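This document starts with one chain, in the form predicted alone, laid out as structure tokens.
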């Protein structure tokens, strides 16, 4: 009888364990099914509004499509014409000049601000919030505000100081500088936050050990701080270059590509001539080429800076 009782007890425990395992399996399957149901609509929307237009753009790049009506296949003619078009070439030169200069300005100023805001000063959190405000505003909003500033306020201030009261946006030699100022003013905020995050990962022990060896000022930054925040420098450099190469809102709100097409970025040229200029197929080819250029530049930056990280 005792033996039978033990056997029944074991069977009961086994049955309970099996029941728990079964319920756990059902719950896990339910979770997997739920995650799948959540993922499917997201993937469908991504394909519908991102991947499908990209595929269509590649297809249209091999046609003479004007944005309406019928079209014919032209093969690689659009891509060949891109390298012969002086307007396209000028837009690439302007965009690269703007991107390189603004990337340097933004990263230098962001790093200086980050170091200042990471130091032991009063109202540190308040100042961080104030410096982040430009990033909250939309690019078009910021552009139209600065458009008014460069067109009306700055010329009047120049007249009061005895200079010519011409708008920077009306001169092809200074218009790109005004665009660079606006791009930098808005982008510094996010880059500063990223650098602050990097600076907060540097252990105090490193600085204490460095101070024992006499590391101060520039030597301390060069040999202690910068190598430890180099991954954050890589992130900022890649993001800045990509974002400034794709500049559009500031061009749209400040100059619309003028004066005399001197500030026509690649993105604005693709939009303007593709949507309203009857060059949808040609500018689709331009967009595909531009996409390849950005990918190549970003991968090159990541590869080169990744090797630098390993050396540091």
Partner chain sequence: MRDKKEKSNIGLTVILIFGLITIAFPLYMAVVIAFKQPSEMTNNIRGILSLPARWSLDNFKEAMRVTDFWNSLVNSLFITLATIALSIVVHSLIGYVLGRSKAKSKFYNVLYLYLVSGMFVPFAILMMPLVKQTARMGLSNMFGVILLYTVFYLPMNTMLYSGYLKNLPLALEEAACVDGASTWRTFWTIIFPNMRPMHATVAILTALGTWNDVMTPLVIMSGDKNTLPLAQLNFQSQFGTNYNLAFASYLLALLPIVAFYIICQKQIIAGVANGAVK
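Keep in mind that what you see is a predicted model, and the values were worked out from it rather than measured. The term rigid core refers to the maximal set of C-alpha atoms that superpose within 1.5 Å between the two forms. Positions refer to the first chain, counted from 1.
The same protein also has a form predicted together with the partner chain, omitted here; what follows describes it.
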| Quick one: of 145, 104, 80, 93, which gets a non-hydrogen atom within 4.5 angstroms of the partner chain in the predicted complex? | 145
| Only one of 108, 228, 137, 100 has a non-hydrogen atom within 4.5 angstroms of the partner chain in the predicted complex; which is it? | 137
| Taking 4.5 angstroms as the cut-off for heavy atoms, does residue 129 touch the partner chain in the predicted complex? | yes
| Partner proximity in the predicted complex: residue 248 to the partner chain, non-hydrogen atom cutoff 4.5 Å | yes
| query | Is there a heavy atom of residue 298 lying 4.5 Å or less from a heavy atom of the partner chain in the predicted complex? | reply | yes
| said: in the predicted complex, does residue 121 come within 4.5 Å of the partner chain, counting heavy atoms only? | reply: yes
| query | With the partner absent here, would 174, 187 and 224 each sit within 4.5 Å of the partner chain in the predicted complex, counting heavy atoms only? | reply | no
| Want to guess which of 84-92, 216-224, 175-183, 148-156 is within 4.5 Å of the partner chain in the predicted complex, heavy atoms only? | 148-156
| task | Give, in sequence order, every residue of 32-51 that has a heavy atom within 4.5 Å of the partner chain in the predicted complex, or say none if there are no such residues. | result | 32, 34, 35, 36, 38, 39, 42, 43, 45, 46, 47, 48, 49, 50, 51
| message | Quick check: residue 158 between this form and the one not shown - does its CA shift reach 2 Å or more after fitting the rigid core? | response | yes
| Once the two forms are fit on the core, has residue 39 moved its CA by at least 2 Å between this form and the one not shown? | yes
| field | Rigid core fit then residue 275 CA moved by 2 Å or more between this form and the one not shown | value | no
